[in-house]
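The chain below stands alone and is given in structure tokens; this is the form predicted alone.
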């Protein structure tokens, strides 16, 4: 990295000393590690598909001040809504509802202030964006669900950005589920058309027989950069269901790192990515089976239009003692133009012998015969294409249990298709 970038990020970390109890040494350590490695380049295998050029050219400043952007309507009914504006919690725009009666909700600052040793539970990460999140985090939520408490409707965490060009927000959320508890979290990211950077990390500990549904909807502004991580640890008989939908931004990347620590756990990580002209969406997963009798499923569906790029790197690791593991990966991509790209790199690393693991990847175009079949029965070409796209992504959205949320997501996919048809000036 250039001297200017090094000095800029080091100065930002120093300016945050004292604002979160117990974090100063952690910030210093994370920043030191970040400065040693810098942002990854194309020679880094795990980042080969992510367009990181903007990060090498300029630094992003911590944004301050309240947004003037309108707060969008929720995706569906919720039990509570927490709004973060330019990386800071905004109580006025949030709606805590009655959920506080059942679960513990506190800002990150209060979490550490009550017990500084909780800082040691933070996952610092080893890659540059995770390290920078650790070094520069200022705000976030800590949600603790007591044992045997089930929250029916989702909790929405909305991130809103309009902090001007070269602004950045580094937010950290911590989710803790007691035994037998359940909760659904919708993370949603929106913003204006300035060239900002959202860098988010969510870490979750899901104990025995608990269940976390995690729905992520990335619809950032047209020039935004979006990097996000989910670090999830699974106890015995627990379940993690993640559905990631990437729609907005100039460049986005989502990493899901799931560790199955005890027998009987289930992990599902699904995703949909739609890349229009010039957009790049990268989805990266690593599911580690460290204990046996567990199941992991991954279903990813992507679509790329002219000069759009979608990428999927999915790795499943099965440890020697993780016998009777069942793991499946499925990646399918559609490309609408010869200049579009769809990259796939599924990986299996199996050290156990009593397992059933599979992966598959296909890239193709919409089926002309299917379009002809539909149009021959009086369906116009635009609607025919829309029907085929809806059917194509449906499997990846199957685990979204809330009908109103799923309808909202399908509506966004339909709108994306209408824009593609309008841009081409044809329904064929």
Partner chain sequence: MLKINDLHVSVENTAILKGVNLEVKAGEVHAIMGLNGAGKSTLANTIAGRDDYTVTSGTVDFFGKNIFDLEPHERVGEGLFLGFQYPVEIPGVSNLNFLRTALNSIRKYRGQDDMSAADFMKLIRAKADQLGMAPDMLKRFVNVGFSGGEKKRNEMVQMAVLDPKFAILDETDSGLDIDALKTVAAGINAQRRDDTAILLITHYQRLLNYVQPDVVHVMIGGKIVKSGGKELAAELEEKGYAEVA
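Numbering follows the first chain given and starts at 1. Keep in mind it's a predicted model, so treat the numbers as computed, not measured.
Just so you know, the form predicted in complex with the partner chain exists too; it's not on screen, but the next bit is about it.
Trainee: Whether residue 65 contacts the partner chain in the predicted bound form should be assessed with a 4.5 Å heavy atom distance threshold; does it?
Mentor: No - in the predicted bound form, heavy atoms of residue 65 and the partner chain never come within 4.5 Å of each other.
Trainee: Do residue 53 and the partner chain come within 4.5 Å of each other in the predicted bound form, heavy atoms counted?
Mentor: Result no; residue 53 lies far from the partner chain in the predicted bound form.
Trainee: Is residue 380 one of the residues lying within 4.5 Å of the partner chain in the predicted bound form, judged by heavy atom distances?
Mentor: Looking in the predicted bound form, residue contacts with the partner chain include residue 380, since a heavy atom lies within 4.5 Å.
Trainee: With a cut-off of 4.5 Å between heavy atoms, is residue 388 one of the residues that contacts the partner chain in the predicted bound form?
Mentor: The answer is yes: residue 388 has a heavy atom within 4.5 Å of the partner chain.
Trainee: With the partner removed from view, which of 399 to 407, 364 to 372, 39 to 47, 22 to 30 is the stretch that lies within 4.5 Å of the partner chain in the predicted bound form, judged by heavy atom distances?
Mentor: Only one stretch passes the 4.5 Å heavy-atom test: 364 to 372.
Trainee: Which residues, if any, of 125 to 141 lie within 4.5 Å of the partner chain in the predicted bound form when only heavy atoms count?
Mentor: Nothing in the stretch sits within 4.5 Å of the partner.
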